[in-house]
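Both blocks below hold the same protein chain, though in two forms, and each is given as structure tokens: structure 1 and structure 2.
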Structure 1
């Protein structure tokens, strides 16, 4: 266990030394500072009476804006932003995790230690997940607390959305670990991971395409890919519902995506365990 923790710790330190995570942390801090000091909300009788951004009045158009709706809106906007930009940055920052570990002269040293290969691989996975988790926790919990203190509204939507974002990253990380161990290339890992986003969006709208297809096998392949690959679009919709405090229709897309991530991680671990270095 101590050795596994050492791998996790080593991975965290390695990631924190990267400029991308520093930029991520700076952006989070900036966002927190803006929400804390630049946004001023005057709440009267549960509604927003006045709002100022950087000291400038925001024209509300005479409308009565319920403060809990405003908080939900801010939380959803932030969740959507982190889901897109945060995931993009996290994938970019951690794509070289496995290729770096597999570099000649480093992998030999790691594999000569009294630590099983699955533990080493899993330690690397948990390390990356922890770094992204810390960053996410810092931003999401920070904004949630500041908004709560400023408005008195403590809606858990943003926290739930944070959990979904971390889970989505965990799914992609499993995929990146697999691609990394097969190809030993950071650039291919990044390219394939980013390619998953438009591909899964395309598959979400596959019904529009299948009406034009005549071959049954083509429809079968599209359907198969849809069910195998992560469902980023649907996860985004679940995230939105959770952030707004609305009921979530079905968690099946989330579960099947998690299964994809776990399958990729298992396949990567198996390959790493059997490979000669």
Structure 2
């Protein structure tokens, strides 16, 4: 266990040396500053009386907006922003995790250590997950506290959504680790990871396309891909429901996506264990 934690610590230190960790922290801090100082809300009797953005008054048209609904809306918008932009940035920042490790000289040094290959591979995975998870925790909890102090409303929806975002990244990270160890290419890892987003969206709407297909094998392939690949659209819907404080219909899409990520990580670990470097 101590050796595994040493690999995790080394991965975190590597991200700090490459300013990946610092860049994430800086972007999170800027967003917190915007929420803290640029957005001002005046709450009277549980309703929004006035709002200002960057010092400019926002006209409410005389409407009385319940602060509880406003906080839910803000949390949902922030959760959606972090889910989309945050995942894209996290994938870009950590896509070279395995290809760099497999560079000649570096991989020889790592394999010379008294550490099993599975522990080394999983340590890199947990290290990247820790870097993104720490910054996500810092951002989500920070925004939640700022909104709570400004409005007096402490809704847990944003915190729950943060957990879903981290789990989604963990799923994609497992896929990235597998692609990285197979191809040794950061570019291919990034392209294939980004390609999963439109592909899974396409598969979500596959029922509108299968009526135009005449071959049963084509329908079978589309259905098979849908059940195997992560379900980003459905996870986004689960995230939105949690952020709004609404009940979630089913966690099946999230669970099947987690199985995909775990399977990819297992295949990558197996390949790395048996590959001759």
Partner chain sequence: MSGFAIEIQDLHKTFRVGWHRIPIRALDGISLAVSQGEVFGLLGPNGAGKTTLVKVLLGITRPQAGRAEVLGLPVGNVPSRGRMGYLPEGHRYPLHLTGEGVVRWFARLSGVRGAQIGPRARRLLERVGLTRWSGVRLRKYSKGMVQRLGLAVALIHEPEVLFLDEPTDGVDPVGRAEIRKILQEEKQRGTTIFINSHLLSEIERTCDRVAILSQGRILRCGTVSDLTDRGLDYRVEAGTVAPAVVEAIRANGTPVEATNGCLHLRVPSLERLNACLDSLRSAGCLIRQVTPERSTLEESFIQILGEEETRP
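Take the two forms, find the largest set of C-alpha atoms that superpose within 1.5 Å, and that set is the rigid core. Owing to the predicted nature of the structure, the values given are computational and were not obtained by experimental measurement. Positions refer to the first chain, counted from 1.
- Between structures 1 and 2, only structure 2 derives from the form predicted on its own.
- Comparing the forms between structure 1 and structure 2 on their rigid core, the Cα displacement of residue 260 stays under 2 Å.
- With the core fitted, the CA of residue 20 sits 4.8 Å away from its counterpart between structure 1 and structure 2.
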